[in-house]
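First comes one chain, alone, set out as structure tokens in the form predicted on its own.
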């Protein structure tokens, strides 16, 4: 039985290691393309969010390639993400896919159920082997996030950003081939040295923070490679929302959610669910750390982030930090996005000159 799950950034490399370690046949879904989004949009409810459509397109393409077991992660909760599995399964059946299973994996509200699902796929797996697989998966997720953070803070200081992208792609291939912790650490240090050697500009670039809905923030194909575009414009990007950050919060190794709720309370007095309060709190922290601007990104009609927008307008006014709001769906134009980013960057440059 071959399994797959939807893409989110480069994290498929970590999940690939997980399934390999627990000896479950795993095939990453095909890379997200224009066809993926068109397929998802064609069979999705009209007003559902972009992450749902991309996920559905991913699942359809995986089934077309012979996968017969689909995973959907996430927890049941206020965000519509909790309803993805049930609704997507019905849609896939309605459009003609019959011989497949679809199960919820990594359900943070029911760890016991996730363990039972894994045992049903590989009865020989022991709890020790599961812990080993999770340890390697978390290590790779953390490595992927650290590498992307280094890219964001290196691009503005190099004359050719394509060289940095090339180094990053080679490093991702190294991660994919490595299942040894010591080797993973060695290659990470080598990657850091390569980026440090590539820095050749002594400048003070614009600094922009990114907040918003987690999938659109983490999946480049859902935001038209916004971070890459900003890096190519010579902007240093700050993006604290990562999967490793979320996992640390879940394992009580990071700042608890109540910290962000308390920080955002002057502007959002209730829990808007998902990452809405965190978006507001992070924008406040960006302003306190003297960043030049904030970009808030979300899928069209994402209610938690719509709730955050009015609060972010007040943060912008009180802290004198410009905020650009961007909403994404399958109709968003790459040309239109580039124009808006260029205008925002030019505004920040002029503001910086006047202060």
Partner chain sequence: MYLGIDVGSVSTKFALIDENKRLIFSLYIRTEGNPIQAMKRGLKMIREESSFPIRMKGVGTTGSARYLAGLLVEADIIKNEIISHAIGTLNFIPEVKTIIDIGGQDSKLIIIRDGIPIDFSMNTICAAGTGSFLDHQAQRLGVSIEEFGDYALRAKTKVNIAGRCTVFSESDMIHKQQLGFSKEDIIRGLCEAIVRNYLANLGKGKEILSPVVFQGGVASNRGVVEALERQLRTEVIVPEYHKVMGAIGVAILAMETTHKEKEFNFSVIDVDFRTRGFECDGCPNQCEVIEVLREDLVISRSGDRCRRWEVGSLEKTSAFVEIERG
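These numbers were taken from a predicted model, which means no experiment stands behind them. Positions refer to the first chain, counted from 1.
Form predicted in complex with its partner chain: not shown, discussed below.
ask   = Of the listed stretches (318-326, 64-72, 51-59, 283-291), which one has a non-hydrogen atom within 4.5 Å of its partner chain in the model of the complex?
value = Heavy-atom contact with the partner occurs in 318-326.
ask   = Would residue 18 count as a contact of its partner chain in the model of the complex, using a 4.5 angstroms cut-off between non-hydrogen atoms?
value = Flag for residue 18 set to no.
In the model of the complex, residue 42 touching its partner chain (heavy atom, 4.5 Å) = Contact with its partner chain, no.
query = Given that the partner is absent here, does residue 342 sit within 4.5 Å of its partner chain in the model of the complex, heavy atoms only?
reply = Residue 342: yes, in contact with its partner chain in the model of the complex.
query = With the partner left out of view, is residue 228 within 4.5 angstroms of its partner chain in the model of the complex by any non-hydrogen atom?
reply = Flag for residue 228 set to yes.
ask   = Looking in the model of the complex, is its partner chain within 4.5 angstroms of a heavy atom from every one of 35, 232 and 346?
value = So, yes: the whole triplet contacts its partner chain.
inquiry  = Counting any non-hydrogen atom inside 4.5 Å, which residue from 129, 93, 165, 271 sits next to its partner chain in the model of the complex?
reply    = It is 165 that has a heavy atom within 4.5 Å of the partner.
ask   = Of 194, 170, 221, 83, which residue is found within 4.5 angstroms of its partner chain in the model of the complex when only non-hydrogen atoms are counted?
value = Residue within 4.5 Å of the partner: 221.
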